[in-house]
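In structure tokens, one chain follows: the form predicted alone.
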Amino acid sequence: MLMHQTMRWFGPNDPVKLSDIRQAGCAGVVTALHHIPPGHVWSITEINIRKFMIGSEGMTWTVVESLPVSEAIKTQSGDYKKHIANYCQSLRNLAACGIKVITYNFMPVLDWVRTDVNWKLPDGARALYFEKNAFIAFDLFLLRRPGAEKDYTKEEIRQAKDRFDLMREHEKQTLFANALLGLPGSDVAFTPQQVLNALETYREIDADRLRQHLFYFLQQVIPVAEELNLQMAIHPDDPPYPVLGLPRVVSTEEDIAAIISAAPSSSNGLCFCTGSLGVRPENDLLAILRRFNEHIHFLHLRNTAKDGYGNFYEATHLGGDTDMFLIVKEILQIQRKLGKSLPMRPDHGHQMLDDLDKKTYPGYSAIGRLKGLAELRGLELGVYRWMLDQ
């Protein structure tokens, strides 16, 4: 049984068209209603409009990515109980429309973070890159977050200052813009004041408290998902360690174990992202796959290459630190055990060829993801046929 191959689409304004995704070999689409603010209900009408768009191109809406969790829910402030009730209603509406897998994350304020979204590779393609010294420099000298110096060692601050002093003015502006990119699906970047104001709302929230807020959310939502036969898939933190003084609670194997234990149910599961989890050296991806196999509902197969200091970049899908052969082999064994095909998508493809001259959301140009999907499909078929012969 092979994986169900999909690709992410950001909706009608995405320069990558649905026809492009179908030509890439996908039967399914991963998308969300990005125009509806977090905390509001996704109506059946809006869901069906999006379903019709996808269906008219001969594909299905396979996975929601993401049904966002509002900051009010994460901080347990304001109308957070109403937002949770609205979230549950959105789940009911999605189930009524036949959509079964719902991805979400619990990252405070920012989604994924990079310092360079156009990092040039030796072959001329461009990738996403996270440089630790540059990020610390952004935090200390550009954003000027109050109290930021407490989060770094003297040596880290010294190296960040040296890095900052070498930057030309346009490099500082580019770093600033990259670090404050908006959420996926949006062309609107955060302003410094918006970020500082949002960070202030987390001033009294450490990892333990944020984790309890996540558990409370799950305990309200998972029973509804279970009743509706939906699969909730939490996406790991990216990168999987604290940034800007914000806690991260979905970064390690034990984080995942605590999340599943907080609301025991087959509906409570994981979006297994090899890229996010693979950045943290102590994470054993095969062990995580094996331990939580029945709770893995969605797969992001991408690869990163990291060093010992905390820098990493998006490598080719088969060429980073993660042994994708072993990952794919384990996934196929899990699928055989469970008797079902898991939805999978490539992620964060390189910007390359004709796409170098096009404007797309960083990491989501068409050709680089098509290359990644083709590599993964070939690897999967080879592993599958090899397993049949054993």
Ligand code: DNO
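Residue numbers run from 1 along the displayed sequence. These figures come from a predicted structure and were not determined experimentally.
Unshown form predicted in complex with ligand DNO; subsequent notes refer to it.
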Contact assignment for ligand DNO in the model of the complex, among T274, T103, S267, N178, heavy atom within 4.5 Å: T103
Listed residue that, although ligand DNO is not shown, lies within 4.5 Å of it in the model of the complex (heavy atoms), from H295, H235, R126, H83: H235
All of F135, R280 and F312 with a heavy atom within 4.5 Å of ligand DNO in the model of the complex: no
Partner contact for W61 in the model of the complex: ligand DNO, 4.5 angstroms, heavy atom: no
In the model of the complex, W112 touching ligand DNO (heavy atom, 4.5 Å): yes
S66 within 4.5 Å of ligand DNO in the model of the complex, heavy atoms: yes
Residue contact check: R8 to ligand DNO in the model of the complex, 4.5 Å heavy atom: yes
Heavy atom contact within 4.5 Å of ligand DNO in the model of the complex, the stretch among 256-264, 165-173, 104-112, 142-150: 104-112
Residues from 284-302 in contact with ligand DNO (non-hydrogen atom within 4.5 Å) in the model of the complex: H300
